[in-house]
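One chain is shown next in structure tokens, namely the form predicted alone.
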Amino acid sequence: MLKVAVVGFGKMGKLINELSVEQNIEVVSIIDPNKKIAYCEITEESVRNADVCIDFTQPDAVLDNIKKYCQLKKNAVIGTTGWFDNINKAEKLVQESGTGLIYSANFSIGVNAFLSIVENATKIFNKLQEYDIYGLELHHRHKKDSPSGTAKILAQIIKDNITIKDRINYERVSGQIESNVLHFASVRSGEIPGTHQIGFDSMADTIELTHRARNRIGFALGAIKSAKWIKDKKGLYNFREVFFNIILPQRH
């Protein structure tokens, strides 16, 4: 049975803990400086019995956390977003320590299937010049980053596959938008778990691809499956790059 340390005991950390029995993992440690629980920091003692650390903390804490995982020779799953400007530093730490780490802007199994669907769709619409394309994402008002990491991935997929789009605008548009600009808008309100929509619009019709999260279970399951996969591996991995290697074996 895989033994994990849950680092960050917010909504995602609590959900991973709740799902642990049915997912055949054992949570041996819970670490959070803001909660009255057993451990308030990452130390040799707090992660001693863990095979993998699953981190859903804060963007400004992630790089320091990764340093600690590497020093303590612990593999990790990083589900926190908003820190990817430091990815090169993280990769160097992981390589030098000989540990394994997997990260993602979104560990949801459904979202990663959605990314592949959007990629295939954009290749088709690249040949249909009468269609323009847009993106929209909605999240709860507590989310700290905007646009979402998933929105950025979707926008880059579109930019890479739609010849006419060579610039992305995540900000408010005043006036007419240029044809080479992909507009990807964000909304923050209430308790929305997460919605991402890609639209292809023409004079004749509109085609929309939408992923709408009902809850956070898909994210938690993806993180747990990633923890099982990364246990004995070395190096830095993006969940999207190895998504099918992680998910498809579960079907046999």
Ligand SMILES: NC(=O)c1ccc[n+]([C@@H]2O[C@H](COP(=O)([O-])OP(=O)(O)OC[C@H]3O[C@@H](n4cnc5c(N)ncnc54)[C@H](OP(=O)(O)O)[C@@H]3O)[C@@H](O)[C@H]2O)c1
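Residues carry their position along the shown sequence, with the first being 1. As the structure is a prediction and not an experimental result, all values here were calculated from the model.
The form predicted in complex with this ligand is left out here; the points below concern that form.
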Checklist entry - So, Val7, Thr57 and Ser104: all three within 4.5 Å of this ligand in the predicted complex by heavy atoms, or not? => result yes
Item to check | this ligand: the contacting residue among Ala61, Ile37, Ile207, Ile192 in the predicted complex [heavy atom, 4.5 Å] | outcome: Ala61
Checklist outcome for this item: In this chain shown alone, the residue from Arg172, Lys127, Arg167, Lys144 with a heavy atom within 4.5 Å of this ligand in the predicted complex is Lys144
Next on the checklist: Among the candidate stretches 89 to 97, 73 to 81, 156 to 164, 127 to 135, which one is within 4.5 Å of this ligand in the predicted complex when only heavy atoms are counted?
Outcome noted: 73 to 81
Next on the checklist: I'd like to know if Ile31 sits close to this ligand in the predicted complex, meaning any non-hydrogen atom pair within 4.5 angstroms.
Outcome noted: yes
Next on the checklist: My question is simply whether Phe184 lines the interface with this ligand in the predicted complex - judged by any non-hydrogen atom within 4.5 Å.
Outcome noted: no
Next on the checklist: Within 4.5 Å, heavy atoms only: does Met12 come near this ligand in the predicted complex?
Outcome noted: yes
Checklist entry - Just to confirm, Asn65 within 4.5 Å of this ligand in the predicted complex by heavy atoms? => result yes
